[in-house]
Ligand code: ATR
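Okay, so here's just one chain, in structure tokens, the form predicted alone.
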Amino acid sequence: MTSPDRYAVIGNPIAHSKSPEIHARFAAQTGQNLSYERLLAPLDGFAATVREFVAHGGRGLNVTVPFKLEAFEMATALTKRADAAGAVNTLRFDGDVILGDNTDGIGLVNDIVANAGVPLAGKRILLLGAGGAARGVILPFLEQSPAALTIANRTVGKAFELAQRFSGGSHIAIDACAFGELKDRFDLIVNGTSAGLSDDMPAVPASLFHPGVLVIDMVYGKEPTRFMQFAAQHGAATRDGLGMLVEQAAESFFVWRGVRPDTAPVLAALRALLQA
């Protein structure tokens, strides 16, 4: 039997990553001969770690914090969505070409549309945050033809900057504002701020949350985040970021192998492991 193709997730820290579990299940399901590991890179040694990985036969990498911007700079070719995001979470090595992609946004869209069963066409979307996580989902959202997209951020200048960046090539209304200026008029609310990582709350009005609104936090854990709990107390439907994690991994798998795995059983298995 030939040696398996090597893939990995690179980050710092990295021990917590669920990616090896996800990709092992994808490989078993699709009959792909590959190995997938965790790769801890020194904070000042991302490029050197990548080069060593490639020199030892590495075929592709998932990139997590804090290296997505460095991966963007290292890529010699970019997909449209990676270019729009200004960050890369997937690298594919083809000879001298380093392809950079960003599968985070399409992962979130696929989770909402396919797994949650919520179409985004004609919907009013609120995106909280203007950092890398938020930036990566804007183009995939716009490609779903929502009625409007609002970007809200604690530092309103960053939200305006993002809205302006994406407004040029879109016929969809893109607004920007501060958290406190938000009014109750959204069908989908996505928390892309770093608040979820510290289980904090973005300072948004409670009136945003009510029955009929789907609220998503990009992070996940055994228990719902404080943000999700607050939204649910006001009647909103809530969803964490585990589905996004599995769906972005499936998109990376497709970029590398040209095969699209079935995500439903993998998501169910991960959810069970998380609750165990």
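What you see is a predicted model, and the numbers here were worked out from it, not measured in a lab. Numbers follow the displayed sequence, beginning with 1.
One more form of this protein should be noted, the form predicted together with this ligand, which is absent from this view; the next part is about it.
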### Message
So, a 4.5 angstroms cut-off on heavy atom distances: do all three of T76, D83 and T103 pass it with respect to this ligand in the model of the complex?
### Response
no
### Query
Using a 4.5 Å heavy atom cut-off, which stretch among 142-150, 186-194, 90-98, 117-125 contacts this ligand in the model of the complex?
186-194
### Task
Could you confirm whether T155 comes within 4.5 Å of this ligand in the model of the complex, counting heavy atoms only?
yes
### Query
Might F160 be said to contact this ligand in the model of the complex, defining contact as any heavy atom within 4.5 Å?
no
### Message
Considering non-hydrogen atoms and a 4.5 Å limit, does this ligand approach G129 in the model of the complex?
### Response
yes
### Message
Does any part of E181 reach within 4.5 Å of this ligand in the model of the complex? Heavy atoms only, please.
### Response
no
### Task
Check each residue of 49-71 against this ligand in the model of the complex and list those with a heavy atom within 4.5 Å, in sequence order.
none
